[in-house]
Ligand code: HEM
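Starting off, we have a lone chain in the form predicted on its own, written out as structure tokens.
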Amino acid sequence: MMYPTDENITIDQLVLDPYPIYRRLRAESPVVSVPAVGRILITKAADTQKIKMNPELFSSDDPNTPMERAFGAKTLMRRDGEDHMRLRQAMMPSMSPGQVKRVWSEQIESVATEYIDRLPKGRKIDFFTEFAGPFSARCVAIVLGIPSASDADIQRWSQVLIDGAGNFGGIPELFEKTDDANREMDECIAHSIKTRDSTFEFSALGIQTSAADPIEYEHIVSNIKIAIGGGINEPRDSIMTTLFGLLTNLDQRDAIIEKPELFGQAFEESVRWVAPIQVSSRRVTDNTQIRGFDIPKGKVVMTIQASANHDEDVYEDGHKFNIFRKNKRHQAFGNGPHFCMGTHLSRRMIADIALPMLFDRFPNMELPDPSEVKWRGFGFRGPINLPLVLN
């Protein structure tokens, strides 16, 4: 049986508000071709997990992805098997749970303290620009081993790479920006290797360049760029999503102030509710079927983890933010070999350090008008502003 096609879905609709579309697709067409993105969208949780856990049949090597053009390299995100693991394992020790606890926790606490101290009390600010973006950028710069890069540069590079990797329409101007950003990042990485600060040996760049049998330099560089592109949005967007959820559900805010051990649950619920990384592409390596629909070899399916995290078969009222949710499982960090490498770092940054410190300093912070908050993104999604009053 041939899968259906929906020519009415546009990229703009998916960027502005994809969740009503995903809800309809889960009910009517959980396997559907969407010409606007050139992919077959898979929206049910069981299917997205099954695909991610079967890399032999569903390869990460998507030949038509804009990512390779944007990053100027075939990154580990588009590789499978031993090829993927070789590049992943070269950088993974820098973000292991032990490394995060032993080395980076103190660094993150220092950054959080400094950046929270700068926040003004009692007046309206945009939390995105005043804290979430800069804090995430500084922590990522330190962990990657490129501390000379400014917060502004890290944030700009990340957004440019994200825009380029999601440039399914092939807009030339977006790729021109990625070309400029790649040149700047190349210079920054080379400079960091020469200068080496006190924590360089523990960083992603330091561990890769100092290995007894290091991977090729171009792969070291592309690994760092992947971490820049995908490493900022997760902590940045999740802290804003968590704050939005808590400040629009004051009973949950009050509970978390009374029981700080709930910060971990709040973080997990925020990434379930609005997954920072919403979609992933996989190329089908052999003829197969999904829900009875024939998927020919060579087609590219797109798993929508944003939709999977709201699936009615898994979650009751999945569209609502609820830190007391019984089912706390989610697919926001992926499944299988490509499970997000920065998961432990993001949890430590946000759930263990930044959120408790913010509520300790500003227990009566307010979100005066939730309708002012704008949410954007198809591939990556989160608030692009968060007007708060810090009391």
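Just so it is clear, the model here is predicted, and its values are computed rather than measured. So that there is no doubt, residue numbering starts at 1 and follows the sequence shown.
One more form of this protein, predicted together with ligand HEM, exists but is not displayed; see below.
Only one listed stretch (24-32, 328-336, 41-49, 357-365) carries heavy atoms within 4.5 Å of ligand HEM in the model of the complex, and that stretch is 328-336. At the 4.5 Å threshold, heavy atoms of residue 36 stay clear of ligand HEM in the model of the complex, well away from it. Although the partner is absent here, residue 55 lies well away from ligand HEM in the model of the complex, with no heavy atom inside 4.5 Å. In the model of the complex, ligand HEM stays beyond 4.5 Å of every heavy atom belonging to residue 323. Not displayed here, ligand HEM is approached by residue 345 to within 4.5 Å at the level of heavy atoms in the model of the complex.
Just one of 267, 315, 131, 157 comes within 4.5 Å of ligand HEM in the model of the complex, counting any heavy atom, and that one is 267.
Out of the listed residues 227, 301, 142, 243, 227 is the one that sits within 4.5 Å of ligand HEM in the model of the complex by at least one heavy atom. Residues of 228-249 placing a heavy atom within 4.5 Å of ligand HEM in the model of the complex, in sequence order: 230, 231, 234, 235, 238.
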